[in-house]
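Shown next are two forms of a single protein chain, provided one at a time as structure tokens under the names structure 1 and structure 2.
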Structure 1
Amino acid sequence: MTAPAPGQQTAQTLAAARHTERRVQLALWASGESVWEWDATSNRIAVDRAEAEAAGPGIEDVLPGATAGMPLEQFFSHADAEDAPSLRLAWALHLRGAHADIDLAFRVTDPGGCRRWLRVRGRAMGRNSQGCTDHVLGTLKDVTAQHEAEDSLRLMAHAFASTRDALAVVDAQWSVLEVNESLVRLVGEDSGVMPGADLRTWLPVGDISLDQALAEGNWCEEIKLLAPAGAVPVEMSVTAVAASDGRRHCFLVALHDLRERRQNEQRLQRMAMQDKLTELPNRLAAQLHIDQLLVHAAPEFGLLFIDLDGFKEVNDSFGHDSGDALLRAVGQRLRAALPPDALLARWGSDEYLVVLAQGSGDTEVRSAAQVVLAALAGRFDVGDQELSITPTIGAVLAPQDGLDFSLLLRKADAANYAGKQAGRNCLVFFDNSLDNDAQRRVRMTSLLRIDTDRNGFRFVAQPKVDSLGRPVGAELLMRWNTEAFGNVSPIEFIRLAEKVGLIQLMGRHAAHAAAQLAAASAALGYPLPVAVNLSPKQMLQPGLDSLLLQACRRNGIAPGMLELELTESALVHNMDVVKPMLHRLRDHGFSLALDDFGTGYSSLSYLRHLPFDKIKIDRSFVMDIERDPAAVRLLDSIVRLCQVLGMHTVAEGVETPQQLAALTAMGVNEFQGYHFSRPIPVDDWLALLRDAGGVLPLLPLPLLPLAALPAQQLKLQPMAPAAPVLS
């Protein structure tokens, strides 16, 4: 082989060098790197223009002026304040030969304000005669995307590791590729859940491969995780994740522990179903329970609707805290006394519901009612008070009384109402006649409201006489006549008014009518006091005394012309409120009479402390006179005791001369009853006085045609206010 000629050799070498250079350029272009150069003489650094252009929008967009070359210090100053020191240090160490090369990433802010990462690498190419580096060559690359990817990868890895949700990466055959801490904790440290394990060991998902399962998209379901320590309800969601080759998939299985959520749900459900005050099941819970019993093929159970008697008075006189405490205590006593399989719920203010177990009937209802009555019989210590309360119980039986929750409840309520009418503290079973009662009550209530608003009542007067039959006063009694129901007994409409809250306004009408009548009879020359009945509810009305005073003022009479009749039941439960009110009324000059004496608590001892002027002996005592010698003896001692206490006695319901004789013999002061006169229209009473011409007429009044009375009853007409006051 002949050696090439020198010229030819140079050309070959040159061509080879070009070839190499092109390959280097190609390599650089492919890697996205730009070449830079620094020399000590100029102390400038310049990025190769050709490479920069070849790489497209690149280094010049990040470091403007880099291709034209810039002083080294200017190059450094492009680096972020945080990174500039390490860049300078790396440069210095390399120049001094301490580090073989430079390899460092640093951040710059491009002219658009974006932060970018640049990786600079370089190596000294030559040293001068003093051994100092005078030429460095290197590459520069925008590695922002790579950094960001790394960052996000780090973030993802961190999230995977630290999330509270349990995560596993599996292949299509459920073989575990990766698990996080939470998953290991959830399945169990010793469960063996780790890469390589089959996740289906703990997840009962069947034999399906994930490729099939996820053909339709994501998979999400609630499932039981079979952890060695016990099954855990989890929400499983599976998502396909493309692997880096883009073809294969792996799957991310996320398990969310539902135990806490379930507990919260249960807690919320409990709260929604529980009465806050008594912690008993509430209305909703009772309804659901009854609905459940009703879906049985042959539902058979008893239901007791309990309403406390006189609870409102407790609330009004002892305050709501005492009322609340009483309701709680009642709930506790009932719960303890009733069979465990009976549901006890609080239905409303002072109402409770007992739903007996499936299979219960008439007998079980009766014995449950006995249990309820007995449980509440003892006194309740509430704060520093001793309270007593009784229940009225209405009962229904499914299926005979209904197969529908609201029907059963309505009937139980109707039975309860009948129990209240029958005297409370008792059990009443529903029967169909009560249904009519309930409808009657609803219609009557709306009529009563209207008539209370417009004072659509009439008043009658029943005279009271002394032992010679001379009138000493009259009792005003209210009458209510409706087109739909005819004459309604005051026993019924007064009770209804008390229940629906109309009694106070009605009482006001009665007080004005009484004052008006007293004024009218005084104007005729007969200053006879007029008695008016006060409902127990009125006694709890704070403004009662001013209302009564106003009635007297309007009609120009002294309070002594009004006699207020109160029953014992008004006193018993509310002594704390009633006693001061009685004293106030007495101080104003009203006279006070205890009505229906003997029907209630019959203890004269406490009467000593109350400012009563009169005791009205109940009609039931008077009725017994002729047939029961023991009753006579009892009555005799009552009358004597009243005399000792300085109280007048009035006998009610005197119907026969024999009764009158016996009562007179005992020393009773006043008499009232059909023997003398039925209640008569007030105008008739006034006419009677007027016709007497200044001499008190003697009663009985044989002239009054009793059968014709209702038609004669007249409404009191408003009269001139200032009738003369006679005393």
Structure 2
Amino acid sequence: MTAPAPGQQTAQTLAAARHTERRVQLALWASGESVWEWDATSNRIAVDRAEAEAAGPGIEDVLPGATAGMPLEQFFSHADAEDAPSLRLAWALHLRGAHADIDLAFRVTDPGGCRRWLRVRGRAMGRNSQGCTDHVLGTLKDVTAQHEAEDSLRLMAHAFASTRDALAVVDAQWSVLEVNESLVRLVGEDSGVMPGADLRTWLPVGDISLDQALAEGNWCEEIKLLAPAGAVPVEMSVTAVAASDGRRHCFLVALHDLRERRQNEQRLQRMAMQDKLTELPNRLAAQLHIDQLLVHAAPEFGLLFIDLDGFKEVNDSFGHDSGDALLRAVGQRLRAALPPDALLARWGSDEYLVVLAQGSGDTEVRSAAQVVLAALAGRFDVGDQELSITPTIGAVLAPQDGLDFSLLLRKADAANYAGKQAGRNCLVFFDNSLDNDAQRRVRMTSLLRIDTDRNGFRFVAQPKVDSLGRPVGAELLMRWNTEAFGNVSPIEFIRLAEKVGLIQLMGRHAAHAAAQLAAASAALGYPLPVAVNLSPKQMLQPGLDSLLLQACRRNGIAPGMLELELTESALVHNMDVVKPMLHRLRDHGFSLALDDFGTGYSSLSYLRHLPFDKIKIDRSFVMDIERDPAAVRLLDSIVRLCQVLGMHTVAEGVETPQQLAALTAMGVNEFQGYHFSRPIPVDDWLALLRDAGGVLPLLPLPLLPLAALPAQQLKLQPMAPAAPVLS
């Protein structure tokens, strides 16, 4: 082969060099790197313009003037304050030959304020006679995207490793590619769950194809994880992870442990079905239990509705803490006494429900009722108090009394109410007559609420006279007339008002009407006091004295113009509350009278310790004095006892002249009864006073019946509706 001529050889060499240079330029362009150069003589560093252009405007945008060259110190000044010392040290060590090359990433801030990462690489190309580098050549590249990708990858790897959920990456055949520590702990350290294992060993998913399962998106379902320690409920979600070309090549399986959630759900369910105070099943639990018995057409079963008698007085007298303690103790006694297959639930307030087992009938209900009555017969130690409580029980039988939960409860409540009316502390079975009574009670309660709100009552006055028949006052009595039920007995509607919580507002109406009547009679020249009855419930009203004083101020009368009558029943269970209230009322100037004296118990103690001004002798004593010498002696003793204590006596129910004569001889001070007058409308009472001409009329009127009195009347105005209701 003939050798090339020297000129031809030189041309070939230059062509090869240019070709090599071009390849280098292309390689640098492909890698996004630019070439930089530094020489010791000028101590400047410059990025090759051609290479910078090939690499795009990125480097020039980050380091303005880099392609034109800049002093080395200026180049260093672009580095972040935290990175500049490392960059200077690496440069110095390389120049001294301590490091063979430079390879360092550092941060800079471009003119737009964005932080960027640059990677600088370089190597000394020559050294002077002293061994110091005088020429360095290298590459410079913006590696911000790479750093961000690495940071993102690190975060993802950290999240994968540290998340509480168990994670695994699998291929389409469920073969494990990667797992995190949470999955290893969930399945078990020695379970063998590791790369290469088949995840279906622990997940019962059969031969489900992941590609098919994920054809419509993510796959999520609850499943049992088969761990060596036992099955674990988990929520499994599977997500396809796409490769860079968009093809699915692996799947992320996430397993969320549901055990804590299941425990919380069970706890919440228990809370929803359990009474917080007594820890017995609550109303919802009882309803679900009864509904289940009814839906499954269970044989006959009995239901007992228990209401504690007088529980409100316990709360009022000893406080709600004592009341709550009593309710817990009652629940514990009943649970211990009743059969294990009976459901005992707290229905609400002081009410309990007992659902007997399937097949229980009349005999089993009566037996359970006896158990309840016996269990609650003993005293309860509540704090430093000994309390007693009795139950009233209403009972129904299913399916005879109904196949609906609400119907059974309504009938049981009707039977319970009948037991309250019958004297309490007893068992009453439902019968159809009680259903009519219950409906009547519901209708009457609704009407009573309406009339109480609008003061739809009328008031009558029963005169009180001295032994000569001269009026010395009047007692105000409330009457209620309805279109549906006619005239309702005060015994019935007052008792109903106390049960449903209306008595305090009704008492307020009565107090204002009494003050208004006293003011009206005083305006006619007859300052006669008016008596008004106080319910036992009213005596527990914290603002009672303020209410009565307000009634007096509004009508311009002194408190002494109102006489407050209180029955012994208000004193039996609430002396700690009633006694201070009576003394406050007495200090305000109100006159106090003990009504129906002798029909209760501990009466002598009341006379001794309570500030009563008058004693009203019950009509049951008066009606027997004409035929029973023992009644005469007893009544005479009562009158003399009151005289010794400085108290006036008032005899109720005087109907004959003989009774009046006997009572007068004993020294009774005042009298009421049909012998003098029946209760009359307050307008008739005022008309009687108006027409007396300044002289008190004598009762009974010898000829003129009250109905024939002049029609001119003074109407009592109802209370202003805006007046506050004191509770």
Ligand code: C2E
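Keep in mind it's a predicted model, so treat the numbers as computed, not measured. Numbering runs along the sequence of structure 1, starting at 1. Under this definition, the rigid core comprises the largest set of C-alpha atoms superposing within 1.5 Å between the forms.
Visitor: Determine, for this pair of isolated chain forms, which one is the form predicted alone.
Guide: It is the second structure (the form predicted alone) rather than the first.
Visitor: So, does residue 70 move by 2 Å or more at the CA between structures 1 and 2, with the core held fixed?
Guide: After core superposition, the displacement of the residue 70 C-alpha between structures 1 and 2 stays below 2 Å, so no.
Visitor: Does residue 439 move its CA by 2 angstroms or more between structures 1 and 2 when the core is aligned?
Guide: Not so; residue 439 is displaced by less than 2 Å.
Visitor: By the 2 angstroms cut-off, has the C-alpha of residue 587 moved between structures 1 and 2 once the rigid core is superposed?
Guide: Result for residue 587: yes, a 2 Å-plus shift.
Visitor: Mind pulling the C-alpha shift for residue 653 between structures 1 and 2, with the rigid core superposed, in Å?
Guide: Spelling it out: core superposed, C-alpha of residue 653 shifted, distance 12.0 Å.
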